[in-house]
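To begin, one chain is listed below as C-alpha cells, in the form predicted on its own.
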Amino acid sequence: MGRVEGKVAFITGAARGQGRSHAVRLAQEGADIIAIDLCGPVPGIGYPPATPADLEQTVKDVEALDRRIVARQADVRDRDAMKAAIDEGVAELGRLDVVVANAGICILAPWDEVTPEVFRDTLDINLTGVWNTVQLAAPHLVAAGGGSIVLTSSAAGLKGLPFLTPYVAAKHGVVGLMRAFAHELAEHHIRVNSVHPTGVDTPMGAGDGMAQIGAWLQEHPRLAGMFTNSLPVEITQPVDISNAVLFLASDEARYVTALTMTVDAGNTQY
C-alpha cells in the first residue's frame, strides 16, 4: 500500500516544475491526480511559460505509474474554468482528498521598478488563485469526510527578500490564508498547511530574472546574505518539496495542521 493509496489529489500548476513533481510523487504512492495549468504566457515573466505539451508530459508520467489522471488547461484566476476542471475530475475519479495549490509566478524587479500590472498579476495568481483553489475544492473534501490541503508559499512567505516585493506580499498572504482556512475547515477534518521552499531547480527558479539578482546584489551588497542557505546547497530539487507535500497529504500527518513547513536548507533562519 502506498502512503496515499486510494486518494485523489488536485494540483494546480501541474504542467512542469514542482507541480509535475508533486503529481508524480503522489502517484508513486498510490494517488490519482486532477491536474491543471494555464499553459500560456503571463506578461513580464523572465522564463518560458508552460505549454500544453508540458501538461501532456505530466499525464504520461502519471499514467506510466498506472494511475489515473484528469488534466485540463485552466487559469487559477478564472473561477468558472477552475470549478469546471475540479468538478469534471471528481466526477471521473470519484472523490477528492488532497489539494495542492502550487500555481504561481515570480517577476523580479527593484522596488521602484515594479509596475502596477506586475503587482496585480502576481497577487491575482499567487494569492487570489490560491484562495480560488481552496474555496472551490474544499466542498469536495467536506463531502469526502476530510482531507489535506497544502499551499505552496516560499521562504519569501516567512521573511522579506529584496527585488521580490509583489512575490513576498503574495507569499506572506498565503500564510494568512492557510491559517484562516486551517481553523475554519478543522471541524470537517480537513488539515491545511503551507510549504516554504528556498530556491528550487525549475524553469521559474532558474529563469533570467534570477541571474539578474547577482548584478543587483553587487549594487546592494548588504542584501546578499538574505539569499544564503545554512546548508551547503545553492538550490534544491523539486522532489525535495514533493516529499514534504507527500507527508502533509498522507495520514502520517493526520494531526498536523496550520503548519508552516520549511524545506529551505535553513534560509529562513537568517
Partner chain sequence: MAGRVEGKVAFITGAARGQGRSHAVRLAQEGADIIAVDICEDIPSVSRFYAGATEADLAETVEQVEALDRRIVATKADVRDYDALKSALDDGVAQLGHVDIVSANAGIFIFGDQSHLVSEQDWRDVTDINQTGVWHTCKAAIPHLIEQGSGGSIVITSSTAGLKGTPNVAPYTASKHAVVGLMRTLALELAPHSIRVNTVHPTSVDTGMIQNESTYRLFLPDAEHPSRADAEPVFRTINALPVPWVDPVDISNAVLFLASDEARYVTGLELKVDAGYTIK
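Residue numbers count along the first chain shown, from 1. Since the model is a prediction, treat every value here as computed from it, not as a measurement.
The next section is about a form of this same protein that is not shown, the form predicted together with its partner chain.
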Only one of 53 to 61, 38 to 46, 229 to 237, 66 to 74 gets a heavy atom within 4.5 Å of its partner chain in the predicted bound form; which is it? 229 to 237
With the partner left out of view, is residue 79 within 4.5 angstroms of its partner chain in the predicted bound form by any non-hydrogen atom? no
Look up in the predicted bound form whether residue 243 has a non-hydrogen atom within 4.5 angstroms of its partner chain, and give yes or no. yes
Just to confirm, residue 86 within 4.5 Å of its partner chain in the predicted bound form by heavy atoms? no
So, residue 140 and its partner chain: in the predicted bound form, are they within 4.5 Å at any heavy atom pair? no
For the spot marked by 131, 148 and 152, is every residue within 4.5 Å of its partner chain in the predicted bound form through some heavy atom? no
Check each residue of 249 to 270 against its partner chain in the predicted bound form and list those with a heavy atom within 4.5 Å, in sequence order. 252, 254, 255, 256, 257, 258, 259, 260, 261, 262, 263, 264, 265, 266, 269
